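As a starting point, one isolated chain is supplied in structure tokens, in the form predicted on its own.
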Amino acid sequence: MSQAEDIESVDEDGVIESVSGPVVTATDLDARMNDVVYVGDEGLMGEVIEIEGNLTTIQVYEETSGVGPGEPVQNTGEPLSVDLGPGMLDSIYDGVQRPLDVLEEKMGTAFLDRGVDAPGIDLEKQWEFVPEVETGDTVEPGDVVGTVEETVTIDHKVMVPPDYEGGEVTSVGSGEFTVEETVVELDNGEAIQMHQEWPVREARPAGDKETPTEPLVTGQRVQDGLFPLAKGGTAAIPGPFGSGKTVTQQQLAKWSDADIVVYIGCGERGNEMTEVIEDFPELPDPQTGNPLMARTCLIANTSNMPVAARESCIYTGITIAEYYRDMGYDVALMADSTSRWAEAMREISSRLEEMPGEEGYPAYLAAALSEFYERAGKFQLINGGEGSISVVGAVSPPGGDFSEPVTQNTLRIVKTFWALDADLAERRHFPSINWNESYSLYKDQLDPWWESNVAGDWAETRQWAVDVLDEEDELQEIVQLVGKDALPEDQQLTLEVARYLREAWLQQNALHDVDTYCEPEKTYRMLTAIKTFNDEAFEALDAGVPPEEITDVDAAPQLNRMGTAEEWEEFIDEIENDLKEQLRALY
């Protein structure tokens, strides 16, 4: 149900029978599955999740302390829906799309009272509507009828709702309107407003899914260089506590080349969302130079908020993402973390006394995860355009155990796997993505884009790096037994090249003004500089130069400074020239 609907408009037709945490049962409630209801004297928002005879089970999205049997339950007759329209960007919501800044202003305190509600978008604000259709034009569902400048970065496209029939335009407005005022009328009586509603558990209609062929450029070398994600792709970031899941997702939200970012804080600590709120308005978008918040929608359902609302916040976020996808935008959705979402489902399931699956999670865990990730993709839209949703879900396995159900079920669905490693994090190697365990199934279909837009030998150079890192992994077992000096000279040199790959290329400082973002051209040039060292070093070795003399050349340590160099092109050119000159001078 739209948060804009007034609670007085619903009918009182049920009575609470029992309360068990976020799960409430009611009798004499005339309701359907997934109907939104208001529970108790305070009108706490809830959703019908089970109906058995005269007994209706409700999950409540607010704290239920003090709610008791005999209190009323009011049914709205509508499913949980979100308000869609201009004003969602640069906003922060809770799990059921209540704007937190509006609630704070309404209550005069930062602590939310129960039963307080507010529309998801400002119903009173006037927006400058610029029509793109004329009287007599024929429009169909999904067609754009006008635009509104939502932020300095994004033009909000006002569309014919997908559940309309469409028809001939009989009148068109121009100028300032509120979101509830009619801007276009059709000959069949349908009135188009800037405001739409859509049920969160129902995917918005789209055409065929297409094979994604363009990468989501993240600005992070290990991800762009080794394990790329496609626009319209799915990725998982599992890792133990302290391995950098949140910072990795925040880096993706900050620097990825998506048009829109929807960031969902699902059950995570409040200070992590605070960091996002403080940083994003100050940081420039690398594509436009405007503030990052101008393209970002935040959904904060932190760990101190009611557990049931975690279950809805994922659906709220993906529905908002689908709305902007329908405008033809490339949307990136960050869910941090899906483990907390699964834990919320586990708690609700246990209170419903359902048969548990592995580790107490509901038996339908895999189906719920699949349903969420399936809403990602690159789509042919119903209006003929194209749009995409890329979903990156963090997973927080207890103790870093990747064999637990949430991680395993996620891995069966997603096509990019960024495995965070506690050992790398302890060594202060960030991003702590383990290059031996991670993978991307998008590489082959994305290679043509990299080769045509960055470098013709992108795939070949990347494979060289992978081979060196694989060889290092095999040699490390021998080194731990007999020491590095017992290896043949060529293998000693391979270990040195691999060290530069790890320290100079794979490591990246998210807190450094320059190194926090690395464009694809720089990622490639840094890798070719290390390959230049490799090629020149092995030529020197073949000429009889000892490995210790090769690794002692002055230019080699400069490789570690490539990431932080502001004038990186000149810096890398200089390093490559120095490496060639100094190594060739040895023979």
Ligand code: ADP
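Residue positions are given as counts along the sequence shown, with the first one as 1. Given the structure is predicted, the values throughout are model-derived calculations rather than measurements.
The discussion below concerns the form predicted together with ligand ADP, not included here.
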Non-hydrogen atom within 4.5 Å of ligand ADP in the model of the complex for each of 246, 272 and 510
yes
What stretch, of 436-444, 236-244, 461-469, 83-91, brings heavy atoms to within 4.5 Å of ligand ADP in the model of the complex?
236-244
Consider residue 430 of the chain shown here, and say whether it contacts ligand ADP in the model of the complex, taking contact as heavy atoms within 4.5 Å.
yes
